[in-house]
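What follows is a single chain, given as structure tokens, in the form predicted on its own.
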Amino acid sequence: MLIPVIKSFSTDQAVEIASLGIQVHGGMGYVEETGAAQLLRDARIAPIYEGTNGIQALDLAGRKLTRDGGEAMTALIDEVNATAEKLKDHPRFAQLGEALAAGGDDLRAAMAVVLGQGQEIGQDAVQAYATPFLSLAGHVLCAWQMGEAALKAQAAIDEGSNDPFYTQKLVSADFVIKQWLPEGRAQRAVIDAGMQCLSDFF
């Protein structure tokens, strides 16, 4: 279940991050002298080498979901929701837990659409939803892992650790769940909009 997400989502994010590095720091001197441009060139080939990423999205939506009717993905989302509940029960992380739970709900609802439309309409629907579904899954699952990291970092701090690694991990988790997860959650709206606008092109 995770293979297409790891292959596709990770490489797409690598391209975006490398591109942002050039955009933020800018200037031909920085780009060429430090190798930032080379990082982007190297990262850009990864989404092609991995399958390509469109094929990975089709694998997730067309094979991984349909082979068991979404059972494996449902179990994964249940793990996401379990972490969300732990966050909500913690006085510091209640807001993060609410946001993560909402992301898990989005992923569950999107999965139902993909499976339902796939049975009703066929492979055209699965193909139409594949890329936004993979993006949603990637964002939610990464946010889930950052939620787990926040819980472990806070536990280490509560035990007396002064390692700045843990405080930085809390900052990273806060950013990922509050600022970055919503970008992925927006993909539910894409899926909910249906595929009629795509069908109209044919």
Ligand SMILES: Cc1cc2nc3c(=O)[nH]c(=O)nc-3n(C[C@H](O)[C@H](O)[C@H](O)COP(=O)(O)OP(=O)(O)OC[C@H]3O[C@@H](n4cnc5c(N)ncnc54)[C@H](O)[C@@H]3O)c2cc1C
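These figures come from a predicted structure and were not determined experimentally. Position 1 is the first residue in the sequence shown; the rest follow in order.
Below, we refer to the form predicted together with this ligand, which is not included among the displayed structures.
Colleague: Using heavy atoms only and a 4.5 Å cut-off, determine which of A156, I55, L170, L39 is in contact with this ligand in the model of the complex.
Modeller: That would be I55.
Colleague: Which one, E50, E148, D59, D174, lies within 4.5 Å of this ligand in the model of the complex by heavy atoms?
Modeller: Of E50, E148, D59, D174, the residue with a heavy atom within 4.5 Å of this ligand in the model of the complex is E50.
Colleague: Spot the stretch among 60-68, 160-168, 42-50, 140-148 with residues whose non-hydrogen atoms come within 4.5 Å of this ligand in the model of the complex.
Modeller: Heavy-atom contact with the partner occurs in 42-50.
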